[in-house]
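Have a look below at one chain only, the form predicted alone, in structure tokens format.
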């Protein structure tokens, strides 16, 4: 069982807001905040380089912490500024033959899709959308039927930014492995709310952020690169940290995934990320997932009872992100602002964030709620009641 009262006592932000938007950036535990402040103060006292040297052993353990959390080895982990940077480093490093095909999902996130478009234009690639089944989930049978020798990448979002959907990441991995196709998985919204085992999933690359369900600080993320790629893949951009300059005309890539990192980064934020993942692991990601699911079901039930609210979630398996719209002329941004003024944090997502899915389903700007395990049932009830009062 999760000790909710203890966790809430260790979450300072609860005193100031009813925060139901973990899919944006969730409330950090005090231990995370303390880790960031402690390292920042150490830098102020002795300088950034000196603080790094003083804490080098502890900072290097963060690779082990991340690796353990996702079932990887520490040499397969690169620490990044955010999930988009992590995803982009993997994507732009991948070699493609002219005419190669990229297969992706209907609910793919805008940041990823514009990168597809850029490389498609630059490298003569094609982007093809894998159809969804009747529930809205990526259709793995349709995916397999699209495979041929020209497919150069399968890249999907495990959990899209809206729609409540959980795509079948492991089944996609089985197909990718069967046909020996690189598989890039965006786990931005999955990390922290559900278990991740990269070996079981079968992905070659996985990107994630710290600020969402992991309850880490903004400006943190990580990239997993399957060991087999480390003997061949070269980053699109390097510096002398990822690729030491060994002779006048020669650089040498690091042997581990840190070849994708650069010399400069925020060690204070990294310390916070390590503390956040440790905090989640100490509670147990299985228990966290159960709690998030319980609160999400309650959230959907309460919203569905409001006459003018239309739930917009899809998929046979749903996550802790609840998407909905308001019938009539209510401005979603105004509702978010009014909720904030009343002390409640919810969010919105524009159709452009998942343009293909939004056009297919004719989605307006959606409102989002995403309860986390530190929320209570009473908070969900109060938040939904406040929404109903604004309609």
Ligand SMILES: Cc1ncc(COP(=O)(O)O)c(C=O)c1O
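The shown structure was predicted, so the numbers you read here are calculated from the model rather than taken from an experiment. Positions refer to the first chain, counted from 1.
Just so it is clear, the following notes concern the form predicted together with the ligand, a form of the same protein that is not shown.
From the list 267-275, 303-311, 183-191, 224-232, the contact stretch for the ligand in the predicted complex under a 4.5 Å heavy atom rule is 183-191.
Contact here is defined as any heavy atom lying within 4.5 Å of the ligand in the predicted complex, and by that definition not a single one of 91, 126 and 155 is a contact residue. Put simply, of 84, 118, 73, 262 only one has a heavy atom within 4.5 Å of the ligand in the predicted complex, and it is 84. Taking the partner from the other structure, the ligand in the predicted complex has no heavy atom within 4.5 Å of any heavy atom of residue 320. At the 4.5 Å threshold, heavy atoms of residue 205 stay clear of the ligand in the predicted complex, well away from it. Proximity of residue 215 to the ligand in the predicted complex: non-hydrogen atoms within 4.5 Å are absent; the residue sits far from the partner. The closest heavy atom approach of residue 78 to the ligand in the predicted complex falls outside 4.5 Å. In the predicted complex, 157, 159, 160, 161 are the residues of 145-170 with at least one heavy atom within 4.5 Å of the ligand, listed from first to last.
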